[in-house]
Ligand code: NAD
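Only one chain is included here, represented as structure tokens and corresponding to the form predicted alone.
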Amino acid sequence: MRVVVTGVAGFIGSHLSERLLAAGHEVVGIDCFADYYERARKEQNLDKSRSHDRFHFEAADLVDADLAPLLDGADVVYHLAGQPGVRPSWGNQFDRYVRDNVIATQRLLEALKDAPIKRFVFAGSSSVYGDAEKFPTKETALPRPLSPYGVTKLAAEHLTNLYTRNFGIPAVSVRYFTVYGPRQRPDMAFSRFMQAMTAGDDIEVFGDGEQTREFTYVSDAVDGTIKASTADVVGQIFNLGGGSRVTVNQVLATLEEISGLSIRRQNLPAAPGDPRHTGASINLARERLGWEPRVSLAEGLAKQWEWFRATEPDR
């Protein structure tokens, strides 16, 4: 099967590509190497995929590129490309989020209107929920994003649904809840924590550390994404969460146990756009996708720490 992965050089996209190649598929990977973080990291993310003769890489910006030849013959399109990050989405960066999350998605959907694809999988975000009224939060909860980033992810998700209803694109959306693991972006919390620990610096914690998050290991997120491409679930939305939520302080305590290092904390004011709590109801994914998260937080943190220590000297 021929599949397309946008954002293939990113954290989740590179893991997804490797899983698809291991399953015997032909993968067309698209990425424009946006400068959100070092290009060298993204190039390294692609090392394993590039070793396969069934992997074809295309350097292209979804907003500007001629997409038809890149999508030609695709059976499944996984759309993971986008501008990440809650905190930078305020102020004069917002136009970039609109461009890379909303306009890029609309252009991709336009290019697929008449294509005979079997499935389009949109990578959404738990940020669309904002401060949800109930936990664990179901997919039917009213989206109320707290950040410009969340607004653009919700807009792209709505666009995906519109193209399903009006043009029959067989789309499914998955909402990721704080994915972590090897290759996690350097701006994300666990990466920042590990970098500070090894440097002997204070770990910056926004707020009191008692905010809770649903953390999802990357292999579980990839598994749910692939299952969404094969199950009979066109037009639906699924939460992909790790199965439990913990406080940031509990994460830091676990990291101390794993690393054997003492952690110094610097508590900063809570950041605008960060919800106090997130928590996923994953019953729908269990029932309709046959999906279950398998990696515990302690196990996943240990794997990320091992990867970080192995690669950190190269940074």
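This one's a predicted model, so the numbers in the text were calculated from it and none came from an experiment. One rule holds for the numbers: they count along the sequence shown, beginning at 1.
Just so you know, the form predicted together with the ligand exists too; it's not on screen, but the next bit is about it.
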(request) Work out which of R245, K227, R119, R185 lies within 4.5 Å of the ligand in the model of the complex, going by heavy atoms. (result) R185
(request) Go through L261, A60, A253, L284 and name the one with a heavy atom inside 4.5 Å of the ligand in the model of the complex. (result) A60
(request) Check, residue by residue, if P136, Y217 and N239 all come within 4.5 Å of the ligand in the model of the complex, counting heavy atoms only. (result) no
(message) Can you work out whether R107 and the ligand are in contact in the model of the complex, taking contact to mean some heavy atom pair no more than 4.5 Å apart?
(response) no
(request) Examine Y163 and determine whether its closest non-hydrogen atom to the ligand in the model of the complex is within 4.5 angstroms. (result) no
(message) My question is simply whether I12 lines the interface with the ligand in the model of the complex - judged by any non-hydrogen atom within 4.5 Å.
(response) yes
(message) I'd like to check something about Y78: if you look in the model of the complex, is any of its heavy atoms closer than or equal to 4.5 Å to a heavy atom of the ligand?
(response) no
(request) Pick the stretch from 253-261, 26-34, 285-293, 47-55 whose residues have a heavy atom within 4.5 Å of the ligand in the model of the complex. (result) 26-34
(request) Counting only non-hydrogen atoms and a 4.5 Å cut-off, give the residues of 112-141 close to the ligand in the model of the complex. (result) A123, G124, S125
